[in-house]
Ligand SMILES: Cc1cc2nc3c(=O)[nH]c(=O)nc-3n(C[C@H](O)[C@H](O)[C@H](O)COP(=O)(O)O)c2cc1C
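Next up: just one chain, as structure tokens, the form predicted alone.
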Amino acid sequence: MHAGSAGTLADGRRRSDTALELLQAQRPSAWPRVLLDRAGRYDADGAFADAEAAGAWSVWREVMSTSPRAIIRIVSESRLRGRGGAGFPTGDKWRTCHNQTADQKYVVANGYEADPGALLDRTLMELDPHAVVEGVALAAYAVGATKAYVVVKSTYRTAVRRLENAIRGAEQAGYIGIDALGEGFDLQIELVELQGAAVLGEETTLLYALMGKKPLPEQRPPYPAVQGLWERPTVVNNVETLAAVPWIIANGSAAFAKIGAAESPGTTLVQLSGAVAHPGVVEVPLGTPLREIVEGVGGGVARGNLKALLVGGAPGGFLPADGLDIPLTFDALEAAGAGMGSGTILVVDDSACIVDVATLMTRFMNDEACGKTIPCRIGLKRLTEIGERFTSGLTRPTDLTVLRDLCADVRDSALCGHEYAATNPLLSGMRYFPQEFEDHIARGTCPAGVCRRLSVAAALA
């Protein structure tokens, strides 16, 4: 999976520690910008005043003249859905938290990218950290939270530095802290660096890590908006979700709702990787057909022929080459067996084996699982073992049936999203490429020529 090396910032400067290249030149000019509207218009390492001149914190300076309920209504009417993968309506989550009675409420911005090679949150936090921090402040005001956390991977050193500068600048300007804006509203925002398994991307697991407990997922309900950090109402949103809020309030819910698809309005960040001609990150209106993204922006496959797309990262699903006309929406992708997930689209050409790639993704999900439940701890391991029998030529006649049944068992008993989605690569692979799985069993051959039958002679060679 292409993870990128030296990235190119929107203003042309190159940094070895910056995320993937922004695909600005290939992006249609008619596509609106929401999340990266200010990318390159100010130096993210520069003075706080430069960010303000580019439009940062303009909404926050006026927010106290609007009631928290009005802010929640605007976000609800925009139909903004969470960009962390699940797509839950943001306004509904905020309203639930707002309506709780508690001595303390919290907001947690989840910038912990769990998928291997995914760099979308990192790109956003590096290029416009003020959008993230201002979005956190707006969420806190709306739900009545006086404490907020921005969680980021400790290895994202540039993002960490720029987020710290944004928080410090907002404190020095009097925008957050004690008596923010002189309006009697107290808000402390803290940056937290974490490092661990991919399951930390799940919201209840993340909350346990923040509390210094063993990071394990928790049964829901109650949901964090009712009982989260230290059993207090807590809003957990992906950083991309929160970064859209200042634009929505500044431009109105109707303007946002007009962008993209009716059931999934607005824009989202997409990362193209794999065998694509132009890998990188691009802001895309939701509802855009995958063909326009992969071929129009990414330039199609670099060589050979398009075989499949893995949409949503390691827990995502495969789509065949004739699925390019599926729109990029939560509902359409789920119906097709994929998902929004991390926002990555891995382009697979005809030199790759679907069975091999699906097994690789399943192995990653197994290795990164916390193992709290038996179906996850044992089921994912068995799924990986069966997949490896396919790729090593040691399959059994019943493996395909066992694979389907075990995937269903793991899904039906899943405690968290990590466990539920871990079966997606194998399930979607069997759905769209059944002949490839059959060939590995019936003939012991790999159509792509990737998998090799194990033998004693080969092992001793």
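All figures in this text were calculated on a predicted structure; none of them were measured in a lab. Start at 1 with the first residue shown and count on from there.
What comes next is about the form predicted in complex with this ligand, which is not displayed.
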Check whether residue 175 has any heavy atom within 4.5 Å of a heavy atom of this ligand in the predicted complex, and answer yes or no. no
My question is simply whether residue 128 lines the interface with this ligand in the predicted complex - judged by any non-hydrogen atom within 4.5 Å. no
Indicate whether this ligand has at least one heavy atom within 4.5 Å of a heavy atom of residue 199 in the predicted complex. yes
Would residue 93 count as touching this ligand in the predicted complex under a 4.5 Å heavy atom rule? yes
Can we say 275, 307 and 359 each have a non-hydrogen atom within 4.5 Å of this ligand in the predicted complex? no
Just one of 280, 85, 265, 233 has a heavy atom within 4.5 Å of this ligand in the predicted complex. Which one? 85
Pick from 110, 329, 78, 391: which residue has any heavy atom within 4.5 angstroms of this ligand in the predicted complex? 110
Within 4.5 Å of this ligand in the predicted complex, counting heavy atoms only, one of 410 to 418, 394 to 402, 47 to 55, 66 to 74 shows up; tell me which. 410 to 418
Judged by heavy atom distances of 4.5 Å or less, which residues of 341 to 362 approach this ligand in the predicted complex? none
